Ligand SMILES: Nc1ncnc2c1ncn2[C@@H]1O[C@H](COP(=O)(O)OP(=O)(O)O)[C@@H](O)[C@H]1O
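Single chain ahead, by itself, as structure tokens, in the form predicted alone.
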């Protein structure tokens, strides 16, 4: 990684505390089911991406809101353990992470996420300072705290700093402006179909490749991903075949490793290959963050493929 910048990847968005409940199959109403496994992990779109990028070797920083509650402490301690810088976090009494309960149905490898947003504000509207943004090689945004995300993305784009996005919802005011500022858009095919009105991956990618874009990636889980660059040539990268245990956070890990690879100056095919491998490896482990691999683990995985 280039040492001339303070951080490789800076994020301010969604962090969560995930309580993961694994059950043998989805229960009938008015019944009791014994858990096969319980775990508690840090999560969230930005939280997972930053941890994945840090494990891959990037110097990462989180600058979103946290509070003084037990869940904020859990996130803080996780970031410190994972070497994610929190020097620029604005601490507020009424802020806290999203609290999620993830139910994994082991009979068909599906997941259901229940969450509440009490106290979650996402990106601050007036921080981090401009010099912090300019000291980063990649800005990572999601849809939590859109006003703050737009401010940071504008500063980054004016300075030629790439903006990578993980966007899943578009009902908030300002979404269209935010997505227009993203030049590395990585988006799931389900949400991409919703906002593009298109069905096929190729049509989606071309529709979303609006002015200012450098890369659009449409991810399709087991089907792999499709991507286009400025030459508008659609390419497909097949998914690595693994026996998935839990797909929670696979997309977040893809985003995080892609951001780390972008900060490292790797070409697009290597970014996609390494991100796809990391995402597949995460699926072998329960929860979003515990399965995020290191760079060495990813390279070893690829030696066998």
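Predicted model, so just to flag it, every value in this text is computed and none were measured. Numbering follows the first chain given and starts at 1.
This next part talks about the form predicted in complex with this ligand, which is not shown.
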Among 256-264, 239-247, 48-56, 28-36, which stretch has residues whose heavy atoms lie within 4.5 Å of this ligand in the predicted complex?
239-247
With this ligand left out of view, choose which of 106, 147, 73, 168 has a non-hydrogen atom within 4.5 angstroms of it in the predicted complex.
168
Quick check on this chain: which one of 202, 224, 212, 174 has a heavy atom within 4.5 Å of this ligand in the predicted complex?
224
Does every residue of 111, 220 and 251 put a non-hydrogen atom within 4.5 angstroms of this ligand in the predicted complex?
yes
Is residue 85 close enough to touch this ligand in the predicted complex, meaning at least one heavy atom pair within 4.5 Å?
no
Is residue 188 near this ligand? Define near as a heavy atom within 4.5 Å, in the predicted complex.
yes
Given that the partner is absent here, does residue 41 sit within 4.5 Å of this ligand in the predicted complex, heavy atoms only?
no
State yes or no: in the predicted complex, is some non-hydrogen atom of residue 66 no more than 4.5 angstroms from a non-hydrogen atom of this ligand?
no
